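Only one chain is given next, in structure tokens, and it is the form predicted alone.
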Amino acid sequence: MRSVSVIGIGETRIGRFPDRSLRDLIQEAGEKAIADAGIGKEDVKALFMSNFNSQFLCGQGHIGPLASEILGLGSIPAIRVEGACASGSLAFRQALIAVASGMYDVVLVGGVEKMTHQSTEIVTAGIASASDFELEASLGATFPAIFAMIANRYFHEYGNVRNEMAMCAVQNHENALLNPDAQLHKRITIDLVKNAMSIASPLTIYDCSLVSDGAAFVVLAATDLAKSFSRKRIVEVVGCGQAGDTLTIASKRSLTTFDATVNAASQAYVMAGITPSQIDLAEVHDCFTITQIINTEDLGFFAKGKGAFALAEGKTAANGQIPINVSGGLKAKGHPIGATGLSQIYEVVTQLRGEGGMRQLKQADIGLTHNIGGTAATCVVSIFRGR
């Protein structure tokens, strides 16, 4: 398998865009990524598109050919990939394998979701389809309810970390203030988080990620060709792991350790030949505040049961030991489901290139992205190194 690098990135702002269509979002982010890569459209040999649920939310399927037509890519293969909230990272992984195998030299990976034009009830029903419909969703177990159960189980096993969960939301909102693409530019407090409208105890509205519209694209190329295309710092994909777990919460071995994350991360670290302590920054799937805490433990950054205290000590802050979600994360940058995993990659590549502007980290050579689907039934972990 040959080395593969990211040579182009592009994304829209993440937010609520009632007047923008799927087509608009795809065109903006896709054109940006191709231009950023310094390639012609004729250089793109395949398109991997990520989308979660546009049939239900927008009445639009067959996203691959749609995006290819919008971007004027001609008769190249166009494939749609779906894996709930991990769809973007799954599409990225499939594209990575295609280039690493030698099948293609240059490919485009994109993700898009448009959700905010629908009512809360419709969006909730659409997202719930990423769980087991017969055994969970049809009985009223939405994802906030499921992750509230996970939070309460975490409290039982490791102690009440409600205050630290609120700190997580506050930190991600602070990070988003420096990100022009973020959906929410709003400073919040611990008391505001804890006293906000209850969604599913102990989660309030500020513990939950956003309903968002947006698109993100990435151009991948064989590393030995990357410098002939791009004049920017080459960002090599040095590790990528994928793992799964049961779809239903009742069948999981543990509610406070996501086995899919542990296994995907292990694969990625072995492939990259590094340990968690060598990661300079990570974009971690924070669909709920408790999820970020658990994920930082499962990724090996902190010992089990210590993630909340590490956060409270400032270890995950932008100037901390391992900066987490300097983009604002799903919590404040936004969560346009099909684009989320690629938007995480956009941030890591931006940081490794030194292009983060006001939010640029001092040390950014190795970055990690972590993206889960459903109740951590699917997980992809990718590791990037600036060359």
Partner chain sequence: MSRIGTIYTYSIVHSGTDNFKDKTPYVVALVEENQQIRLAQVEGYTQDLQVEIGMKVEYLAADERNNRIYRFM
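Values in this document were obtained by computation on a predicted structure and should not be read as measured data. Numbering follows the first chain given and starts at 1.
The next section is about a form of this same protein that is not shown, the form predicted together with its partner chain.
Proximity of Asp181 to its partner chain in the model of the complex: non-hydrogen atoms within 4.5 Å are absent; the residue sits far from the partner. Using a 4.5 Å cutoff between non-hydrogen atoms, Ser138 counts as a contact of its partner chain in the model of the complex.
Looking at Asp191, you'd find every heavy atom of it more than 4.5 angstroms from its partner chain in the model of the complex.
Within 4.5 Å of any heavy atom of its partner chain in the model of the complex lies no heavy atom of Ile279. In summary, among the residues Thr116, Thr142, Thr223, Ser230, the only one with a non-hydrogen atom within 4.5 Å of its partner chain in the model of the complex is Thr142. Exactly one listed residue, out of Ala312, Val270, Ile122, Leu177, brings a non-hydrogen atom to within 4.5 Å of its partner chain in the model of the complex: Ile122. Picking from 130 to 138, 282 to 290, 161 to 169, 300 to 308 the stretch near its partner chain in the model of the complex, with a 4.5 Å limit on heavy atoms, gives 130 to 138. Of the residues in 181 to 201, those that come within 4.5 Å of its partner chain in the model of the complex through at least one heavy atom are, in sequence order, Ser198, Ile199, Ala200, Ser201.
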